[in-house]
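Shown next as structure tokens: one chain only, the form predicted alone.
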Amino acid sequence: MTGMTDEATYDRTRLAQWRAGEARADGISRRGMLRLAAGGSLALTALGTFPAGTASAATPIVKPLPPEIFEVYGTNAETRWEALSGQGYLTPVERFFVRNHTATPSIDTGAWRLKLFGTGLRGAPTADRPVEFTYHDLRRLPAETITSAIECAGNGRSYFTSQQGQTVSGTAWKLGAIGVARWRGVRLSTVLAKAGLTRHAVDVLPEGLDADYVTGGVNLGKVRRPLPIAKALQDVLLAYEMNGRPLPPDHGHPVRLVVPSWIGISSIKWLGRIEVSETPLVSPWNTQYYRLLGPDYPAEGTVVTRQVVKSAFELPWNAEFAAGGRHVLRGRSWSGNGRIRRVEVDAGDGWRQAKFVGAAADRGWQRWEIPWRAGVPGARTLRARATDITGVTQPEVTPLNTQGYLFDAVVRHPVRVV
């Protein structure tokens, strides 16, 4: 279907089909979803915590989380922007943010299987008798490498409150819930073809192997979110390497999805099963969660689609600069729409255009720098705003949505001249 590689078009189509009873809601009834919404479970899910019984005995996050690199929020860990200074274009694995719904599972590569089933495959294999691929099966298929950002839909959420004075629910990310990595793996389209994809398939439903997610007393099962077959065949990667090394546990070992240009929840970690269906599919993760809700949105909300334009300084909050000194301010800007065209910085003396540093990937970010003379002692506010290749520029204010998604306003970064 035309436009189905675009998440907004896909969402409108599937939501209408779901409301008309034409799409299958995997694992929960429409009545159940509406009951959860009425009970306010959206706020609990966005918070990023896990109620009793949802997490296994596994460690929520496996890798070390030194406080000079990460700010930790329960099962999640945000990269401090000053920790990216001098790190080059790619985010080192040791500094890459972590977004977990429950806890990082321990999965044995030798025992792992990717299971595909459903009516969209030849012979309609079932969940009990799926088409299976081992890790080594995938490694033997033609490999592809892409450089792509993965960013949480709530990145920047805290600024709704700290800058705009608005109450939102969810993990109070600043701007560090993003990372850019070089991913290597096999195209999902290759695996679907091997499994026997039919021309009647319309959706795929990837599912993770982490613990079931429980909220509001309802077990929603494994984290999963459908993709239209058009997107699945376009550019989605089954990744088994990150920055030239096997995927580490917190980032999806042994295999994860990388879904370029769509929000982070689409890039399912610890991939275990993929349903391929002739029937349109929906799940709680696209009908219940990851939707823009609030007074200016329809009752069912609108989908959180590709990420917006953002900019960040590679500086700590309240960084200190020597009075009268010459300094170089550095940062990065990015957009879900593609490359960055221009970055401007205001240090209290008006907007000036920054100089780009190095090349940029279409699905990554752009590094930049600008000279600055600090002047006399006192408090200062630094601001950076980017314009992407489509002409979209960061605004001064982001419209409120109660879950705090897609904050794109210019962030006011305080520093001190001493």
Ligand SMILES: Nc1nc2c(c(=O)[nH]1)N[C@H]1C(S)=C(S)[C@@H](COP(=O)(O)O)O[C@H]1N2
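Numbers for residues come from their place in the sequence shown, where the first is 1. Given the structure is predicted, the values throughout are model-derived calculations rather than measurements.
Missing here is the form predicted in complex with this ligand; even so, the following discussion is about that form.
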Open item on the list: Counting heavy atoms only and using a 4.5 Å cut-off, do N100, D210 and H251 all touch this ligand in the model of the complex?
Closed with: yes
Task: Any non-hydrogen atom of C152 within 4.5 angstroms of this ligand in the model of the complex - done: yes
- [ ] Using a 4.5 Å heavy atom cut-off, state whether F321 contacts this ligand in the model of the complex.
- [x] no
Task: Any non-hydrogen atom of K269 within 4.5 angstroms of this ligand in the model of the complex - done: yes
Task: Any non-hydrogen atom of Y290 within 4.5 angstroms of this ligand in the model of the complex - done: yes
Open item on the list: Can you work out which of G170, G301, P125, G264 has a heavy atom no more than 4.5 Å from this ligand in the model of the complex?
Closed with: G264
Open item on the list: Please tell me which of L227, V276, A181, V223 lies within 4.5 Å of this ligand in the model of the complex, judged by heavy atoms.
Closed with: V223
- [ ] Heavy atoms, 4.5 Å, this ligand in the model of the complex: which of 128 to 136, 341 to 349, 193 to 201, 256 to 264 makes the cut? Say which one.
- [x] 256 to 264
